[in-house]
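Okay, here we've got a single chain as structure tokens, the form predicted alone, with questions on binding and movement later.
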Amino acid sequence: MLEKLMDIDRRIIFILVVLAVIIPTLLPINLPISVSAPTRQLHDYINALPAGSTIMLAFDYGPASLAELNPMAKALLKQCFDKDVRVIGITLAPEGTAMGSTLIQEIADETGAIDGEDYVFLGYRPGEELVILGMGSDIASVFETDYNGKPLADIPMMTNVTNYDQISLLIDLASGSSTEIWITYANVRYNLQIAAGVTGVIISQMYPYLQTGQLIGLISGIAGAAEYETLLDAPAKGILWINIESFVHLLIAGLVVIGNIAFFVQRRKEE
């Protein structure tokens, strides 16, 4: 049996991986999820905002990162709309416009949020630093209209929102260095409170900003998205994908253990 394990056909391993993906997808198998402190801090901060507050949500990522960041965006939007917290959506990345507008509209349809009253999507303007600095003085000087071409002066929720003084929090959903830019030009210059949701590869870059208090919360990769859905008691893609990922990792770890046992037993027999 051990000799057969050493010579196992790789196609059998492929089949096992496929099963590890299919089983948690089709069956209601939810592994326990431990919520990290940075994720809970962001959730609690939004929960503590009074009704009618306004946050800014930046979709600073492209299609390559949507698997990790879209579940975060959906969970955050759902929480805000359920709490009657208004959302201004923007992006510093041109490829983020279509995703941002689509996601906001999708969650608005689910929750009954109204365009222009509960949310507005401003879209994209070139020049990251200039856009951030300009909005610190006057949002309308940078975004004269929303993404659909409607003047900000004609949008009810923007009537009393002039600059960052009326924004309770900026959440940057990022796959690159945009969070550092927001911290440098919005937090340091205008004292705007900032949180972030980032892809797994840049999580370690964010922890120094958590330690200095320049980030009030952090959602870390697909695991962070699953944590946030757990806090909202609203399981969705984040929990599904982290369950699939966990099953595949358990399978791989098990195969590595079995392979090593088989190798050492066989070598001992030969000796």
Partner chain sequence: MRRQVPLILCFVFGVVMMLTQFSPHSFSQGIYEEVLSWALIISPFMLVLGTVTLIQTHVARIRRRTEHWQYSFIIFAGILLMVVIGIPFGPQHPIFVWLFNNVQVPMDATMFSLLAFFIASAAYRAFRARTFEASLLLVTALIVMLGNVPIGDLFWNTVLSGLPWDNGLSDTKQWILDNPNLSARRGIILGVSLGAISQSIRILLGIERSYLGGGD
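Residue numbers count along the first chain shown, from 1. Everything quoted here is computed from the prediction, not taken from an experiment.
Just so it is clear, the following notes concern the form predicted together with the partner chain, a form of the same protein that is not shown.
> Within a 4.5 Å heavy atom cut-off, is D118 in contact with the partner chain in the predicted complex?
No, D118 is distant from the partner.
> Hey, in the predicted complex, is F81 touching the partner chain, heavy atoms inside 4.5 Å?
No, no contact at 4.5 Å.
> May I ask you to check whether L250 falls inside a 4.5 Å heavy atom distance of the partner chain in the predicted complex?
Residue-level check for L250: yes, a contact with the partner chain.
> Would you please decide whether R267 lies within 4.5 angstroms of the partner chain in the predicted complex, comparing each non-hydrogen atom pair?
Output for R267 is yes: heavy atoms within 4.5 Å of the partner chain.
> With the partner left out here, if you bring back the partner chain in the predicted complex, are V131, A223 and V256 all within 4.5 Å of it by some heavy atom?
The answer is yes; V131, A223 and V256 each reach the partner chain.
> Spot the stretch among 164-172, 84-92, 122-130, 151-159 with residues whose non-hydrogen atoms come within 4.5 Å of the partner chain in the predicted complex.
Of the options, only 122-130 has residues within 4.5 Å of the partner.
> Heavy atom within 4.5 Å of the partner chain in the predicted complex: which residues of 85-101 meet that condition, in order?
The stretch 85-101, when checked against the partner chain in the predicted complex, contributes E95, A98, M99 at the 4.5 Å heavy-atom cut-off.
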